[in-house]
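Just the one chain here, laid out as structure tokens, in the form predicted on its own.
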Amino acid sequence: MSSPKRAYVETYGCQMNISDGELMEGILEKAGYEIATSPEAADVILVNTCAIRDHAEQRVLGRVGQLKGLKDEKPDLLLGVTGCMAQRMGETLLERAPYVDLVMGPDGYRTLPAKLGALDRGEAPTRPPVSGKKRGPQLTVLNLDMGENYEGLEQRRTSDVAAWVPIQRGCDHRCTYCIVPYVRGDEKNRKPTEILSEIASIAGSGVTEVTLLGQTVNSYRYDGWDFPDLLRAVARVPGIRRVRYTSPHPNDFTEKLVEVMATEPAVCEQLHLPVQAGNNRTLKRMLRRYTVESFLEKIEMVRAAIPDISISTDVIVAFPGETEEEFEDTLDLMREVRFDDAFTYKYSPREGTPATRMPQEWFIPDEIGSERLQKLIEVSRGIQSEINAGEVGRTEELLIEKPGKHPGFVLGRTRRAKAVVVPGGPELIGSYRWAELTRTTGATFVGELVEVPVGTEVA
């Protein structure tokens, strides 16, 4: 009897990609594969990719080139590229990397075992030579399926502490810089009953924190349910102590959603709300469909209901047509809102998106974009450092997530998503502990574990 084949999934990109990686592992495990812990130990290597920025794609192409060395050593090794970059590049990827056997977009994962089996048996088409080099059988799976939301498929969860739960795939928005609708298709929402059943199973396994995932997660609608309805129901699943969600769109951030966040004890006092730019003219070119003023109203609304909430955001600089004054408006918005954290990016053109067709003279020279990004990072980190310095001395409940960078320490996270390093060993992972925040490095905290009586309210 032959031993089962071993598969290794290497993931790059966002939380949705991480969740997709767990999904692929679950599909393969159910089909009889063993999940390898290293590419060297695998018979199948899948590089699960992101297409948001060109830098991410170049990094993946470099990594795929490295993995070719393993294929040279093991001729039967199958090498696949999956995810958003695979969907975007398609057949072009096979020309750029002719040693790749499989290119599969996000809607193809259900067929993964069958496609790998076809490649194994040599039943896939053989492509014409590239640069005089002969190629073996290769497959592309790139159809977008409007009905595919991966209902009924089980993820192979890699964490015993917290779980990502996709509730939505694709996106109905058409932000001019974003490739997501073109590689993941239109919005597809899962049945609430299936989501709640999955979360009940997660809680039954001992995991107490879940994060609901979607491209614009708060636009969720299904058969009379909206996102606040779903969030309230998830927060009431027995055994779930913490609920988060990402990433919402400002247009669907409503009073009803804020009311659920403020009144359901399991919903964490944390919000990630992408603003992208602090100037209305720039937002209009991005097709974000809100204004700076309406965004600030959302911030005011949630802070009025949840004064202690931690808010993070996404910001893009050097978008085509952005003037120096418009960039300064973004810095001014950062100073006004005072986000606890910000994920900052320099605009990266993605072929196929509307922004790439804007007038050539609108595009910002790379060196100016880099200067603006550095200024934005300095402002953002300065604000974050000031906020965190003001929180030293607080006592917070931590969910211990993983070992720290240094022996004898572990890393936990507060309800407000602040990372805290405390003394302790791996036996603490997955447990809740109280800690006093004793100092901050700017982005993270160092704390000391303390005993807090049951029922004590601590700021």
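If you're wondering where the values come from, they're calculated on a predicted model, not measured in any experiment. The first residue of the sequence shown is number 1, and the count goes up from there.
The form predicted in complex with a small molecule is left out here; the points below concern that form.
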Q: Mind telling me which stretch in 341 to 349, 258 to 266, 327 to 335, 200 to 208 gets its heavy atoms within 4.5 Å of the small molecule in the predicted complex?
A: 341 to 349
Q: Identify which of 164, 220, 150, 177 has a heavy atom within 4.5 Å of the small molecule in the predicted complex; exactly one of them does.
A: 177
**Q.** Among the candidates 97, 139, 234, 316, the residue which, in the predicted complex, approaches the small molecule to within 4.5 Å (heavy atoms)
**A.** 316
Q.
On the criterion of a non-hydrogen atom at 4.5 angstroms or closer, are 395, 415 and 447 all touching the small molecule in the predicted complex?
A. no
(Q) Test of understanding: in the predicted complex, would residue 228 fall inside 4.5 Å of the small molecule by heavy atoms? (A) no
Q.
Would you classify residue 274 as touching the small molecule in the predicted complex, given a 4.5 Å non-hydrogen atom cut-off?
A. yes
Q | Contact of residue 68 with the small molecule in the predicted complex (heavy atom, 4.5 Å) | A | no
(Q) So in the predicted complex, is the small molecule close enough to residue 215 to count as touching (4.5 Å, heavy atoms)? (A) yes
